[in-house]
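Next comes just one chain, in structure tokens: the form predicted on its own.
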Amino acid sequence: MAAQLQLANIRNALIRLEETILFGMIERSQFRRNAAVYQPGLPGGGDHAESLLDYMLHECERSHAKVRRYTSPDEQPFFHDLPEPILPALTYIDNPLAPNTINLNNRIREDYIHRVIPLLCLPGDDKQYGSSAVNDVNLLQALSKRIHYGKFVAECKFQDTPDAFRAAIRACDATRIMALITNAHVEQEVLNRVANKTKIYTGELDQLPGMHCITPETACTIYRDWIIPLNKQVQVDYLLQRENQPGAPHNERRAP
């Protein structure tokens, strides 16, 4: 089995992403919701088709694409009109994933704005648009990577019990595949770990006057109701596409 599919390596990668995501949520929670960041046109005026978030995210991806970030199998861009890399191409001979076009970034972005931000941030507008957008970009990229890492998880599970998965895949039985990939014990371990980390990371911040910070309950809600379900959806979509079944989910990539 490829090193990327060893459970210990997958677990380590996801734990590292937990750190990035939790610190990103803590940073974003320091600012108000600032709805102007997500509306078309730049805050304060100016004829611009993109929102400030989209502009910042688009520019960031253009820069990162030049150094071949999105040629890596564990990275999915939010935009498709990105420049070619300026560095020589790499060949990922050890890439264990089957060819696929799974990209849920459009949904991730929309859910982040409408579901996650209201949980992280206090209502209102503090005019800190640039800081909010910068934190949004960092957090969105980490969330996308965490959710799409479901491809590696799914491939690992498939290789452990290929016959059970093949039967469900050939029947296009998404419900059965979801049951096969679900491990309630592991999911609860993730939630416990997230709650404990959040409590530790916000312990001193909670003592500062006027400081707003996320709670362990908020972090667990975001993981339980959003991150984990989307990660599992990636797993199901990947497995359905893996065997090239008719009706497999098509790519959901956000247009610029």
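Quick note: we count residues from 1 along the sequence shown, nothing fancier. Keep in mind that what you see is a predicted model, and the values were worked out from it rather than measured.
Form predicted together with a further copy of the same chain: not shown, discussed below.
> Which among 154-162, 99-107, 182-190, 121-129 is in contact with a further copy of the same chain in the predicted complex, heavy atoms within 4.5 angstroms?
Stretch 121-129 is the one.
> Against a further copy of the same chain in the predicted complex, would Ile15 count as a contact residue? Criterion: heavy atoms within 4.5 Å.
Looking in the predicted complex, residue contacts with a further copy of the same chain include Ile15, since a heavy atom lies within 4.5 Å.
> Spell out, yes or no, whether the shortest heavy atom distance between Glu19 and a further copy of the same chain in the predicted complex is within 4.5 Å.
Output for Glu19 is yes: heavy atoms within 4.5 Å of a further copy of the same chain.
> Heavy atom to heavy atom, is Lys66 within 4.5 Å of a further copy of the same chain in the predicted complex?
Looking in the predicted complex, residue contacts with a further copy of the same chain include Lys66, since a heavy atom lies within 4.5 Å.
> Using 4.5 Å between non-hydrogen atoms, is Ile93 touching a further copy of the same chain in the predicted complex?
Ile93 lies outside the contact set for a further copy of the same chain.
> Indicate whether the candidate residues Tyr55, Asn138 and Tyr201 are all in contact with a further copy of the same chain in the predicted complex, with contact defined as any heavy atom within 4.5 Å.
Yes, because Tyr55, Asn138 and Tyr201 each have a heavy atom that approaches a further copy of the same chain to within 4.5 Å in the predicted complex.
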